[in-house]
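Quick setup: one chain, the form predicted alone, written in structure tokens, and binding and motion questions come after.
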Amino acid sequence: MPAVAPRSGDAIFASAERVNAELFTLTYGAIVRQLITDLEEVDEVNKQLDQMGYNIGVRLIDEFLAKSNVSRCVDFKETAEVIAKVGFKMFLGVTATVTNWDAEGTTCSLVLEDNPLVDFVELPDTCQGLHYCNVLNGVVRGALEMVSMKTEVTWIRDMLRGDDAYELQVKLLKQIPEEYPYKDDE
């Protein structure tokens, strides 16, 4: 039986049903705006966006694994490459560059040159502490937790704040041993 080759992010993105990108961007913007109105404090909005993203990531990983045919990654470096080249392409239509590895191979940066979540967005002076795309932090964190990797994900650079790119730092805190909810009968 021939082995199933993993599908590239480009192939998956091309064949996936998509919502109009502008509609998605505007809907996300409306959610962020409503959170700002409801919560009033930028730090609370950042926390809520991260939590929303985490909940999405926990569920999104199943779709990712089912549609991408990606086999289990051997280490955190390979995992980061799959997120950058397949995951981001599959769900956002963009790829990221993996860079800035630490000596232990447990911390890296995912650099996005383009980010479809920020089309039509300008942050007002009252929202300068806002991490507008904090939902992405949570998505990455939630998805990785479901594949046994506890991580910390933070924004390093943000073009909405005048930086030259969008940079997420992903730090592997610990590898979680897999637990099975059943015992084998012997």
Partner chain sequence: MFILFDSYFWIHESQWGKEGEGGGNTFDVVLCFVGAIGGKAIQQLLVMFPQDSLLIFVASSPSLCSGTRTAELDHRLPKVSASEEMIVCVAVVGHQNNPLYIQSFTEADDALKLHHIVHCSLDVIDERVNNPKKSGPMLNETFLGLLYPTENYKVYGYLTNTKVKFILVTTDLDVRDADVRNQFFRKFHAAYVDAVSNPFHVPGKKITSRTFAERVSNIVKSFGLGSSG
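Bear in mind that the values here come from a model prediction, so they are computed numbers and not experimental data. Positions refer to the first chain, counted from 1.
Missing here is the form predicted together with its partner chain; even so, the following discussion is about that form.
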Discussion item. Counting only non-hydrogen atoms and a 4.5 Å threshold, tell me whether 75, 143 and 149 all contact its partner chain in the model of the complex.
Written reply: no
Worksheet entry | Contact flag, residue 26 vs its partner chain in the model of the complex, heavy atom cut 4.5 Å | yes
Worksheet item: Is residue 156 close to its partner chain in the model of the complex, meaning a heavy atom pair under 4.5 Å apart or at it?
Response: no
Item to complete: Mark residue 161 yes when one of its heavy atoms lies within 4.5 Å of a heavy atom of its partner chain in the model of the complex, and no otherwise.
Response: no
Item to complete: Considering only heavy atoms, tell me if residue 122 and its partner chain come within 4.5 Å of each other in the model of the complex.
Response: yes
